[in-house]
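Below, in structure tokens: the form predicted alone, a single chain.
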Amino acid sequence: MNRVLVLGGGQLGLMMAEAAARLGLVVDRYDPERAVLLPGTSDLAVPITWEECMERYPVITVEREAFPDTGLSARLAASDRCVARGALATIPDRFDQKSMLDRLGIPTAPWRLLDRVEDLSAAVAEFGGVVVKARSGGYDGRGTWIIGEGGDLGTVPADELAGRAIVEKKIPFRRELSIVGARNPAGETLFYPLTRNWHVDGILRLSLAPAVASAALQPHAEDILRRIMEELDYAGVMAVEFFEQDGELLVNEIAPRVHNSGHWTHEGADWSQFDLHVHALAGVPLHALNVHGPTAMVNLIGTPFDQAWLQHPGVVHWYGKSVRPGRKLGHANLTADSLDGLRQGLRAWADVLPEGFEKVLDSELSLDRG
């Protein structure tokens, strides 16, 4: 295999194509909205037919979970060439995703289907605080409603969501963690260390890797991700987000693709998650990963590119997208010899990080020294 088609015209596919070029492979991208091919890292749009896709690409992968009905993307995603086909049939619908996890005996937040309007009040009576999630389509805080114990149920459009949402118990978690790993067609797997994530308003703002005091959790996280990939017969990189509660891991979300919380691997490991994804699809034996010292990934959200960033500690990855509020436009990676060193470097990025980021570092330092 020397050619891969990725379904999606965003930055994740672009970074796959960049990684593939370094490895002597070709990754082209299919833009579902424009129904055109983007060869490699080019922005030159080229028309392509189903027959040409079948002739050119023995392997198809994805950078997203949902596709429009128009164009070829949905048909390509359902084809037997798509290594994410099983995942796309299960993961995008949170009801199906949670049902799979229950069937596998993998712990998640207690939940129920919001089938009728009255199911919301019943869930609040059972769970106390709850999180309502649309069954499909929500990301970066969209399609999610949080109700604290004793909160106002009127803030949730339950009549509109009936049959189209689930309700989870609100978990008083210690911290949010994620694991990124890969599986190749031969069933070999490889995993990065657990990552500490900090979300604000549902959007990832800062990742720290490796997460401190997580050695005891790492085998459990790897086992969970391995079982999910095997269940779905998945090839490539996949990510699982967890809540850490009382020393246990509860699955929050699954992403059948390279993931924002794995961007630290660009500078924080010998092989990035994009390199690993392409290797896995090519059937290359998955070798051990060499992870460098503590690494921080800062998301650059809703802000124009600033030349001053190039003088800050770290490396900037810019996606070349139009600026709008809440949009992920790039990320910066910083590495250091210690968490204290990472703190010093991150202070230069304070203008693009929400207030409170140092408290996240404090909490990691307290675990490191505890």
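The structure displayed is predicted, hence computed values, not measured ones. We number the residues from 1 along the sequence you see.
Here the subject shifts to the form predicted in complex with adenosine-5'-triphosphate, a form of this protein not shown in this document.
- Mapping the unseen interface onto this chain, Gly71 falls outside it, with no heavy atom inside 4.5 Å of adenosine-5'-triphosphate in the predicted bound form.
- Using a 4.5 Å cutoff between non-hydrogen atoms, Val131 counts as a contact of adenosine-5'-triphosphate in the predicted bound form.
- A residue is said to contact a partner when one of its heavy atoms sits within 4.5 Å of a partner heavy atom; Gln218 fails this definition for adenosine-5'-triphosphate in the predicted bound form, lying far away.
- Gly138 belongs to the set of residues with a heavy atom inside 4.5 Å of adenosine-5'-triphosphate in the predicted bound form.
- The candidate stretches are 239 to 247, 149 to 157, 181 to 189, 267 to 275, and the one lying within 4.5 Å of adenosine-5'-triphosphate in the predicted bound form by heavy atoms is 239 to 247.
- Contact here is defined as any heavy atom lying within 4.5 Å of adenosine-5'-triphosphate in the predicted bound form, and by that definition not a single one of Arg85, Leu101 and Leu232 is a contact residue.
- Interface residue among Ala282, Ala213, Ala109, Val117, judged by heavy atoms within 4.5 Å of adenosine-5'-triphosphate in the predicted bound form: Ala109.
- Contact with adenosine-5'-triphosphate in the predicted bound form, judged by any heavy atom within 4.5 Å, is made by just one of Arg174, Arg142, His287, Arg75: Arg142.
- Along 174 to 213, residues Glu176, His199, Gly202 each place a heavy atom within 4.5 Å of adenosine-5'-triphosphate in the predicted bound form.
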